[in-house]
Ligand code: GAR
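Quick setup: one chain, the form predicted on its own, written in structure tokens, and binding and motion questions come after.
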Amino acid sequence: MFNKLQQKWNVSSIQLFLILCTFAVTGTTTAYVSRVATTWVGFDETTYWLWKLALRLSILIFGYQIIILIVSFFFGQFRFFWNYEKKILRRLGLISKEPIRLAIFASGKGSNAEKIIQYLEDHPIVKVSLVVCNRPGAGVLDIAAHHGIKTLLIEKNLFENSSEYVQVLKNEGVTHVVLAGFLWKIPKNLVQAYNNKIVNIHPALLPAYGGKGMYGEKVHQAVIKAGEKQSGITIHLVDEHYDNGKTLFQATVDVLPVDNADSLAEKIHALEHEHYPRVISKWLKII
């Protein structure tokens, strides 16, 4: 259970211990305050029981949120719990949503990236802040320049073996990552830094025709060779394994006897352009 919490919150073992201590101390403190508060305000045995109950519930529900911030400060976890409180306040509609800043990772021409940028460019709380690419001269870099989006050209060894690029994303304020034809496996440190906040599109109906080496034309060739009657797209979250994260959406297309890898690729691209921007919007909960 503790390992799952540590992964969910993306914290170290020491920080997890301090967070759990904060919860424990806050719970005890809130319970104590709720018991003695009736005396503080002058309630006694003659006071109607419902007023006492209302006071205690108010402290347990609302006072808890204040107390946990105070306690978290002494445990050095104020930032973690303030972010936690802001999520609650947003759900209650008491504060507006924070801006969503996307980084789009792409390796090639960038047709999917361009569709996503166009789809989101007029949305008030979403901004494509960064286009990340691993190939100098790739078409997606021109697309980013056309739309005035900052670019980052990455190097494989640093990407796989350091946290340098993770820090760059954090410095740019990136909140979510979209993979749009990006051909490198996402390293563990990036997956952990953006847990459940990285989405990918695969040109087949996973779990079929997924895994290492299965990308682009190779997928379509395998589908044709196997004599499949259908193919399609899978939009999924990214974890530490190839094409293994939670599926968010699938769409299918018929594979005809006259199809080859090129004609099937055209059908798949049409599905990607139609559905990927919309599913991303739904994933971000902005539609």
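So that there is no doubt, residue numbering starts at 1 and follows the sequence shown. Keep in mind it's a predicted model, so treat the numbers as computed, not measured.
The discussion below concerns the form predicted in complex with the ligand, not included here.
**Q** Does any heavy atom of L183 come within 4.5 Å of a heavy atom of the ligand in the model of the complex?
**A** Yes, L183 sits close enough to the ligand in the model of the complex that at least one of its heavy atoms falls within 4.5 Å.
**Q** Contact between Y215 and the ligand in the model of the complex at 4.5 Å, heavy atoms?
**A** Result yes; Y215 sits at the interface with the ligand in the model of the complex.
**Q** Taking any heavy atom pair closer than or equal to 4.5 Å as contact, tell me whether S129 reaches the ligand in the model of the complex.
**A** Looking in the model of the complex, residue contacts with the ligand do not include S129, since no heavy atom lies within 4.5 Å.
**Q** If you check in the model of the complex, is T151 within 4.5 Å of the ligand, heavy atoms only?
**A** It does not: once the ligand is placed as it appears in the model of the complex, T151 has no heavy atom within 4.5 Å of it.
**Q** Would you mind picking out the stretch of 82 to 90, 121 to 129, 159 to 167, 194 to 202 that comes within 4.5 angstroms of the ligand in the model of the complex, counting non-hydrogen atoms?
**A** One stretch meets the cut-off, namely 194 to 202.
**Q** Find the only residue in G173, G108, P99, G76 having a heavy atom within 4.5 Å of the ligand in the model of the complex.
**A** Looking at G173, G108, P99, G76 one by one, just G108 meets the 4.5 Å heavy-atom criterion.
**Q** If we check the ligand in the model of the complex, which of the residues in 268 to 282 reach within 4.5 angstroms of it by a non-hydrogen atom?
**A** Read in sequence order, the residues that approach the ligand (within 4.5 Å, in the model of the complex) are H269, E272.
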